[in-house]
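Below sits a lone chain in structure tokens, taken as the form predicted alone.
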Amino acid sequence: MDKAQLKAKFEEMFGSGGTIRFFSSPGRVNMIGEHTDYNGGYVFPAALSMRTMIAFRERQDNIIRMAATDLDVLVEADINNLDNYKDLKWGNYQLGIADVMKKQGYYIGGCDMLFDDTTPHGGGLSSSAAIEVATAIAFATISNEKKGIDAPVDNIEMAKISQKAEHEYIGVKCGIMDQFASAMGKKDHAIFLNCATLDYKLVPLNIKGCKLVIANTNKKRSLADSKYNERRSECETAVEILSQYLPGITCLADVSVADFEKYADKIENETVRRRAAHVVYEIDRVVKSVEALEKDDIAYFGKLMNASHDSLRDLYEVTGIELDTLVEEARRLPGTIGSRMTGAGFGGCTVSIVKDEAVDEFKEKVGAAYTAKIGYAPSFYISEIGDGGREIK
């Protein structure tokens, strides 16, 4: 929906009158650097043109009412009892943001909110981060005005608040990448982000003559949470072992490729060694990717994307037949520059850089081959790289 359509839907649900404002934040695609964030390493996400937009109007009581354009749901919550809503099927992300911000001293007042999402849910494109960051920016904007603070909302702080809500309210120990990309994205740029320090650099993503094609497996990622925790534990085990030979390291990002190759055989458990190998080499691939793009070497960047997927398949083992099929079929086509899974894995999406003239063939041939092998069709999105979270004036 555009703003006019969302406003009409809002007034249909919540009544007319008052000032309706609009806040938006995008989903994200990670171009390369997977499962490196919680290992203290580099990631390279970009904000998408797919987004969450909120129509927002203040109320004069302590009630937050929320609805979504694509769901038959209306949530009502008492601001004074925000702890009571952690188990909601929908709305807990937003109320988690309200809870964290209220505890940090932000003004949180009654409001009506209607959410419109164009980021697909469950596809690994961080629809949850888009919801969180848009909600946080809305609340922070109102809070600043109520307190007479004449300053723009601090979007890095909104990313931190969103991550904190996931940790403490939702109970998911996620990294910071998704929320940071949603908050800090810039059109036609990717973010070279150090997840340990939050130091970042915006890097032009110049793919002229090509499109960013996202393919959704349409498989729900039922294994992702348990396997995520398992992988995280395996990486921590690797750090414990390597720290005996590399004093002072606190995470795998502290281990250089040279040092890893010197001491890898000290990790006797082959599975743990492979997990660590993926992370160490993936962090190196992110650094090389930035260098490639700064030289406009899109062909080498594509090769690094391919190597990333192969590592996630063979060493980290988080792909699965659906993601592997999409990538294998994409690479069969000469118009594909690079293709890899993106997100946590076990379903979700792939991201491919495809020459303009090959996009239609890509969708047709990859879609047909995937459907024949898997038994149901994928979805394709041609997305642009967009801006991060903000109020839409």
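Sequential numbering from 1, following the sequence displayed. Not measured: the values here are computed from a predicted model.
This protein has a second form, the form predicted in complex with alpha-D-galactopyranose, left out of what is shown; the following refers to that one.
- Only one of 207-215, 153-161, 81-89, 171-179 places residue heavy atoms within 4.5 angstroms of alpha-D-galactopyranose in the predicted bound form, namely 171-179.
- Out of the listed residues 63, 344, 68, 333, 344 is the one that sits within 4.5 Å of alpha-D-galactopyranose in the predicted bound form by at least one heavy atom.
- Checked against alpha-D-galactopyranose in the predicted bound form, the residues 33, 338, 348, 27 give one hit for a heavy atom within 4.5 Å, which is 33.
- alpha-D-galactopyranose in the predicted bound form comes within 4.5 Å of no heavy atom belonging to residue 329.
- alpha-D-galactopyranose in the predicted bound form is approached by residue 228, whose closest heavy atom lies within 4.5 angstroms of it.
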